[in-house]
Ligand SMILES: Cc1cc2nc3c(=O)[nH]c(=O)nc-3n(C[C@H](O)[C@H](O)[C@H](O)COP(=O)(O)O)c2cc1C
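Shown here is one chain on its own, the form predicted alone, set out as structure tokens.
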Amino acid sequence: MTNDVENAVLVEQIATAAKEALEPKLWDYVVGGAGRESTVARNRQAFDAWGFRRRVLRNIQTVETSTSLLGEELAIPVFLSPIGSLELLHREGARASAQAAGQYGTTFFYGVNSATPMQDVVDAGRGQPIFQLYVRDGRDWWQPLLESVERLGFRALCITVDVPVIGRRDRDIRNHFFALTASDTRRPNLSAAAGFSDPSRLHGLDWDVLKDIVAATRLPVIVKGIQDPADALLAVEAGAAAVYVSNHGGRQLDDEPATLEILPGIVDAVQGRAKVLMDGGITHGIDVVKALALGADAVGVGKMQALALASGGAPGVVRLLQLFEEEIRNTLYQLGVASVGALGRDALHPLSRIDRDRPWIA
């Protein structure tokens, strides 16, 4: 299976291989979302609302796909989003994703819920991963954890703020599948939490706690789960180095707007005071180009990362990133744009709706 995925020429082939490799309940866990999954569908469909405004005779000899994020050079403006249950999808789990990110040349967000120890992830990657945190307990828990994160050499801290409780995911409920339970002893970063008892609930997280965390760490802080321009401004005022536009891949609340729909308003509100990241619905390099044109500095892949990992381990994730680069590079040439940094809203044009079964991850 790994060799087949390494030779994939289309991203869709990676998804097909993953569906063959995964048990049905794990496939549902990866591709599903909250409720009737309208948010999942809207995330994907939002990209179809935008087409490209091509410029010609631009004499583009080469295109530049690289960028930087919080001091790290990325081969393409795509990073691996945090997923706390990668070990359910492949025996190497987060270790494999970190290895793939380092081998390819991008960054990996390591989830606090991971079953892979922090040290193993740092050792596996060639770069400095970013640590993603759910605030599951008070300062007596998160302060020592952040000290470990800094000591081990993580590049930044990402605080996820859109999970007051875990969303109701109809597929998982129907399958009697729950990735994280209070009795789960495989999560090394959670087992040390004093009084930790309910993995489905964040612990008293508000803007004051966010400010305390920002003040307590020397690392740049990313706030993930921003969906409103007012909250984006509050995050910047609290000291965030980056705001991460995300609706958790449609996994938390149904009937939310797509992240691509709300991205421009947040970019306009931030006005360059912080980096703007986003994820949600990205399945192709063309999607990446559209998100960058609407103002994102870099985008994350969650579901596609999970499927690539399930289908082929670290080599599968590397191949996914390579295909994204090929697609991004080709699109830039087609548009007559010399670099990802030169993309702007003038590269896009709104499209009329077309009736076709566009989402192929379902």
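Everything quoted here is computed from the prediction, not taken from an experiment. A residue's number is simply how far along the shown sequence it sits, counting from 1.
If you look for the form predicted together with the named molecule, you will not find it shown, but the lines that follow are about it.
Across the proposed site, Gly93, Gln99 and Pro315 without exception lack any heavy atom within 4.5 Å of the named molecule in the predicted bound form.
Scanning Thr107, Ser246, Asn189, Thr116 against the named molecule in the predicted bound form with a 4.5 Å heavy atom cut-off leaves one residue, Ser246. Taking Gly84, Gly125, Gly285, Pro77 one by one, only a single residue has any non-hydrogen atom within 4.5 Å of the named molecule in the predicted bound form, and it is Gly84.
Shown alone here, Lys290 lies farther than 4.5 Å from the named molecule in the predicted bound form, counting heavy atoms only. The named molecule in the predicted bound form is not approached by Pro129, whose heavy atoms all lie more than 4.5 angstroms from it. Contact check for Val30: a non-hydrogen atom falls within 4.5 Å of the named molecule in the predicted bound form. Not displayed here, the named molecule is approached by Tyr134 to within 4.5 Å at the level of heavy atoms in the predicted bound form. Residues with any non-hydrogen atom within 4.5 angstroms of the named molecule in the predicted bound form fall in just one of 301 to 309, 62 to 70, 332 to 340, 48 to 56: 301 to 309. Contacts between stretch 147 to 178 and the named molecule, counted in the predicted bound form as any heavy atom lying within 4.5 Å, involve Thr160 alone.
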